[in-house]
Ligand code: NAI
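Below you will find one chain, with nothing else, as structure tokens; this is the form predicted on its own, and questions on how it binds or moves follow later.
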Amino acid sequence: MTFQGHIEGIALGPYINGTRRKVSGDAHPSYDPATGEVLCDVPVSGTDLVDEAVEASRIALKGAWASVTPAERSRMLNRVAQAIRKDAQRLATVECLDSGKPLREAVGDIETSARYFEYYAGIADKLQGDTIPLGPDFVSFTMHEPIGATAHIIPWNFPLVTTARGLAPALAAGATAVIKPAEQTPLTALMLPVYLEQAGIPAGVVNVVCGPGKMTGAPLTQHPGIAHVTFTGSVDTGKTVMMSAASHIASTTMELGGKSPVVVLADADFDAAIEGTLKAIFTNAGQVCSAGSRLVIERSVADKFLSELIKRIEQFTFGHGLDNPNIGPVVSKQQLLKIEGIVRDSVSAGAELLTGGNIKRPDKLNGWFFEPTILLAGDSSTKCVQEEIFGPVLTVQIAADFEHALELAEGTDFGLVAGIYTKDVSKALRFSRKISAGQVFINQFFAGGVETPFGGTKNSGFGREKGLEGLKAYYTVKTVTARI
């Protein structure tokens, strides 16, 4: 089974200063996770090419891009959104092949990517300062100025969405960018320059370099010409990126994952809570930073709820993403073995395996599939409670009552999102106030959208993306005061 035909015509070289570069030497394979087959080999951009990309961004910042009015930036971003929508089916197919996710999810991701450009197009010409009342002898006002050349380190689970999430506000604010997609899923980021060119964005404003973190990401985040780094990834890698950025006093936005709770109280709408829990953990085979990977449920309804969950899970279909199964593959063999290892260690430490727990081999597919899994945790220190698994694994913790549920929900070092299902508005709002999380969902999960700020607390990172808050990373505020 091969799908190379779907990626024909994609230019695989780095995109620097408006041109596609031919690179000889090291290349990194991009796989179809469902089959394990190589889709293509993507040239690796080393330090020299990263230097060129950053320099192109810095020159464009003070050159052609600086002369583009905010109103024209707005029109350009709208044209990017239109170009993405026009080619949405092809983009979704490539995203599906490269990441493994079901096609229906990839289609939604492409629309969300277009929406980011559309949303930030609407604010590009409205970023205005304030006047400050200092009395009759002074005039004081603020101006917003682009922060400079920015680096965007993109994760593999939502390739184009995460690229658009950071790039669109950066461009709206007048900044420039160097994008480094994950080496596992680089293809839609490599397609993006076509749409930027169609929109009229000048050469050098956006550059794309590809390769593993050590060969490409490290030189980029360490580069003294980068003013801001937007990073999505693991806690350990995030710490390294922060230290690199600190060496040249660059600011950072850190989105470092989570171990997010879905709290189900006894009075919850049963059907809504079932649907929300399934969506929270099994979207994209659980490879979602904000996945609801811990179910915290009141004891009085736990048996009935878990019985229904297991019944629904055992009906799931597996397959290639293009066939729209319930569960697609995880992104790589390395990720598959990590998931298996944490499940095995957790069971050895006392967690009870309720369903799943094994590597799956669907018919005629040799890719990287893992069974939807539910683990009942006894001890809150178990790996399945404390560690981000990033796979289709749900950890269950039983709570005696609301206060106990809140204690369990708060019991990790992460704080990205949290959800609660209850008909008691008071409990829902108390939960929202007391839980450490950047977003709280009430009687739903993955609520909100492009417009709602997103980011974490504790080990989940800092800074906010999406919404108007997402713009603040990409401009500086200058205050001008004059005596009159």
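Residue positions are given as counts along the sequence shown, with the first one as 1. Being a predicted model, the structure only gives us computed values, none of them experimental.
Keep in mind that the form predicted together with the named molecule is missing from the display, and what follows is about it.
Asker: Just one of 113-121, 269-277, 177-185, 366-374 has residues with a heavy atom within 4.5 Å of the named molecule in the model of the complex, so point it out.
Answerer: It is 177-185 that comes within 4.5 Å of the partner.
Asker: Counting only heavy atoms and a 4.5 Å cut-off, does the named molecule in the model of the complex sit next to every one of Y15, G63 and P193?
Answerer: No, the candidate spot makes no contact with the named molecule.
Asker: So the named molecule isn't shown here. In the model of the complex, which residue out of G129, G378, G213, G411 has a non-hydrogen atom within 4.5 Å of it?
Answerer: The residue in contact is G213.
Asker: I need to confirm a contact call. Of S346, T163, N207, N157, which residue comes within 4.5 Å of the named molecule in the model of the complex, counting heavy atoms only?
Answerer: Looking at S346, T163, N207, N157 one by one, just N157 meets the 4.5 Å heavy-atom criterion.
Asker: Could you confirm whether R75 comes within 4.5 Å of the named molecule in the model of the complex, counting heavy atoms only?
Answerer: Residue-level check for R75: no, no contact with the named molecule.
Asker: So in the model of the complex, does I398 come within 4.5 Å of the named molecule, heavy atom to heavy atom?
Answerer: Outside the cut-off, so no.
Asker: Residue-level question: is H248 within 4.5 Å of the named molecule in the model of the complex, judged on heavy atoms?
Answerer: So H248 does not count as contacting the named molecule.
Asker: Check E105 for me: does it contact the named molecule in the model of the complex (non-hydrogen atoms, 4.5 angstroms)?
Answerer: E105 lies outside the contact set for the named molecule.
Asker: Could you pull out the residues of 227-246 that have any heavy atom within 4.5 Å of the named molecule in the model of the complex?
Answerer: Read in sequence order, the residues that approach the named molecule (within 4.5 Å, in the model of the complex) are F231, T232, G233, S234, T237, T240, V241.
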